[in-house]
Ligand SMILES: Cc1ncc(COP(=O)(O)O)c(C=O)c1O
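Only one chain is shown below, in structure tokens, and it's the form predicted alone.
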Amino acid sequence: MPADSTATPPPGAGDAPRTAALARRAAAAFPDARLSAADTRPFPVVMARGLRDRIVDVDGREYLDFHLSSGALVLGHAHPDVLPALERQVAAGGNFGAMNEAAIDLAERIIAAVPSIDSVKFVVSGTEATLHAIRMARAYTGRDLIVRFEGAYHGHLDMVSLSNKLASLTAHDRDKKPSLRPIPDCPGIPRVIQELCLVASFNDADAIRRIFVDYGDRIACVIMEPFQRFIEPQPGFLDLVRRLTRAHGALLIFDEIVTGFRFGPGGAQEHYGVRPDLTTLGKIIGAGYPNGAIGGTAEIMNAVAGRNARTPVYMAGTFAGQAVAAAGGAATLDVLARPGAYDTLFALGERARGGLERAFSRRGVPGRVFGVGPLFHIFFADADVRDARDALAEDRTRRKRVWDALLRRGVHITGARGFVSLQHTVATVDDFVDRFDRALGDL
């Protein structure tokens, strides 16, 4: 595919008959013609296959893939050392609804890599991991309140679909400190659920201190992304939250569904040097298939989920620990454990961020590029971002125009966040930066 693909009509045009036909079927089958809320493409795209660092649609159009299934494919598509493990497990049996060797193998690799995890329980998704982690914290502490941070994403169960989306805030409200009471992200979340959640601003040390002064003996847990979406914790902030939870008998839950095995074998907790009580994992541990896990210290896991627990927290699921996802996850972690794997990922991520920053400067468009390791986030404003309200300064109209232009130029990326994989190359990253530069030029 040429570096500048704007001469090629976008999918859905007259020369994309399969896309057009499937788009009509999708519009009839799905109420919003989308698979999920993340599917915000400006014209229909129906993908057919992926290989290495790119993806191909049903009409044969090739896209550089920096979406990577929302970051789940840290090794890229059809990695030659993961594909055989998946094929062997499919042939042997995909799901037994019982203990299986693949699940044991994956559990052992997680425990060996993450120092805060002594044992794990598997579920099917990151959302389920969040649900069970909060329930386990409540069971262990005997308390009901949880604390979360504005702008963090922990899946879509009622308890955490709160104060993530802040776009509805007025300009006046954006300058205020967040209320302790959450803002529902969508209709259908009962008020009684909202009343069990307290909200703080990420990186606001005074706010989290005040919450523990006022509610400390009622708080079951703090749940947080140690690297929140694209916002780095300020020096000492994670340590402060760790000290406060310990002092008040609350548990600290790190949501590492995005950062787990991406920032290193031990995830963000290893990267920043702070150990939580419970950790939720997903994405990478499924190798592109549905998988999630909750891990924690032996004391907590045995108390609420162990065979000798007085009243264990109930966890069951038809697909929990299913063998295909586990086999793919174990093979993925084996590849990541090889010498130099993370060095390569970090170098590619740094190259992407540097190139994107230079494109902003060259085109005179206000913007910043944030990220750590193989993750980058493109922000359409020249501003520091310490919390979710700072992020509201972004020019979202300009961002949408650029993303639409990128898709037309053959880049598959959703929203502002992108990922590199071990099958990306320097040439692919540079090609993406060139297409981004040209998309900025379209403005």
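Quick caveat, the model's predicted, so the values are computed rather than measured. Quick note: we count residues from 1 along the sequence shown, nothing fancier.
Heads up, the form predicted in complex with the ligand isn't pictured, but that's what we're talking about next.
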- Taking the ligand in the predicted bound form as the reference, which of 153, 215, 319, 342 has a non-hydrogen atom within 4.5 Å? 153
- Query: Tell me, which of 417, 386, 400, 41 has a heavy atom within 4.5 angstroms of the ligand in the predicted bound form?
  - Reply: 417
- Close approach of residue 126 to the ligand in the predicted bound form, 4.5 Å, heavy atom: yes
- Item | 4.5 Å heavy atom contact, residue 244 to the ligand in the predicted bound form | no
- Could you confirm whether residue 229 comes within 4.5 Å of the ligand in the predicted bound form, counting heavy atoms only? yes
- Message: Can you tell me if residue 336 lies within 4.5 angstroms of the ligand in the predicted bound form, counting non-hydrogen atoms only?
- Response: no
- Name the stretch: of 297-305, 271-279, 250-258, 352-360, exactly one has residues whose heavy atoms fall within 4.5 Å of the ligand in the predicted bound form. 250-258
- Within 273-287, which residues have a heavy atom closer than or equal to 4.5 Å from the ligand in the predicted bound form? 283
